[in-house]
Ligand code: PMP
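Here we start with a single chain on its own, the form predicted alone, put down as structure tokens.
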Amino acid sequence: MGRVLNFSAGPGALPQEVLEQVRDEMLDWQGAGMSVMEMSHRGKAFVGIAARAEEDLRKLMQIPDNYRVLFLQGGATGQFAAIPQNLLGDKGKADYVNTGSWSAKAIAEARNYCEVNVVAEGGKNAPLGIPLQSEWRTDPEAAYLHYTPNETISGVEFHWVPETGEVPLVADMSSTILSRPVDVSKYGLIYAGAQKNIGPAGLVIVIVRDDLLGKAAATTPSILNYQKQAEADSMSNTPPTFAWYVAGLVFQWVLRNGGLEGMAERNRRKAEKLYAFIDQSGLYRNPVEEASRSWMNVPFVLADDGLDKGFLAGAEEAGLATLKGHRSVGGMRASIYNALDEDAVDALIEYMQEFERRHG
């Protein structure tokens, strides 16, 4: 089989340079005589790998010194429970913005631990979009406000940061982290599953401000307790070492390719090019309002959904993989994360043009 371009929403594509380095180091990491998968997480070699990864992430995101960076297990979904358990403190309520499937999952989990105030809802009716903050019903006594900057399923994205005053802002950046610069100081906590822009599935990164540590409920499992994990350098148990190592290689790749400013320019061009083609087409349509369109996940539907099966089959034959939309919404979805280069978007547009010439 020739080159396959992976448009999967996650696990997504990894940079080819990184995959090649992982291949070359698989059996013998830098003369250690063993794979990273076999190393003790407390040994000098892996401790060095872990420290370099955190150092590079801090450099990329310009993370202030008063934030801790945790490399944990359980993906972002595990944090849906960990966040209320750690941040509620003596408060019994939290604000959540519901803009799609992942927001809704976070809300459902949080309701097991506290009173959830849904401050706004969006992403339900076409054209899909983000509710104006002037319409939000926030609670100044909430322990925190949680939102999902990018909904991978519906392709709805915030292109602005909510203002929350003294209430800590919490963001699930699983599908946007490393795609552009972000002002970490505006957030109390950022978390992100790795399998889109960082590395293999199973790892989650939590960036948490120091003053939010030490508030965990007594019933919080040690493995989910941010303070205990921070004190143990994310090693209160055996961490996902191989995923952590690959993430570190991805951080180095991003640094070599212009950092987050370079990623932003690359991603802006890819998204603008794909949306421009869809908008001028008579066959394809994007269901999201222009101001709320995602850079990372571009859903589209055909004028005749009876053509979907043929479109997807032809795409697979052309080496354009995993374009089928999420089962909850149907249609198609192109996820164009950092590792997918502009040539891949060009190839997708070329295929879409040819399909439209035959079926439009």
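Counting begins at 1, following the sequence as shown. It should be emphasised that the depicted structure is a prediction, and the values quoted were computed from it without experimental measurement.
This next part talks about the form predicted together with the ligand, which is not shown.
Contact with the ligand in the predicted bound form, defined as any heavy atom within 4.5 Å, is confined among 132 to 140, 158 to 166, 68 to 76, 260 to 268 to 68 to 76. Remark: none of the three candidate residues (N86, Y113 and T220) comes within 4.5 Å of the ligand in the predicted bound form, counting heavy atoms only. Contact check for N197: every heavy atom lies farther than 4.5 Å from the ligand in the predicted bound form. In the predicted bound form, at least one heavy atom of W102 sits within 4.5 Å of a heavy atom of the ligand. Under a 4.5 angstroms non-hydrogen atom cutoff, the ligand in the predicted bound form has T152 among its neighbouring residues.
Of the heavy atoms in S174, some are within 4.5 Å of the ligand in the predicted bound form.
Checked against the ligand in the predicted bound form, the candidates F80, Y275, Y187, F242 yield a single residue with a heavy atom inside 4.5 Å, and that residue is F80.
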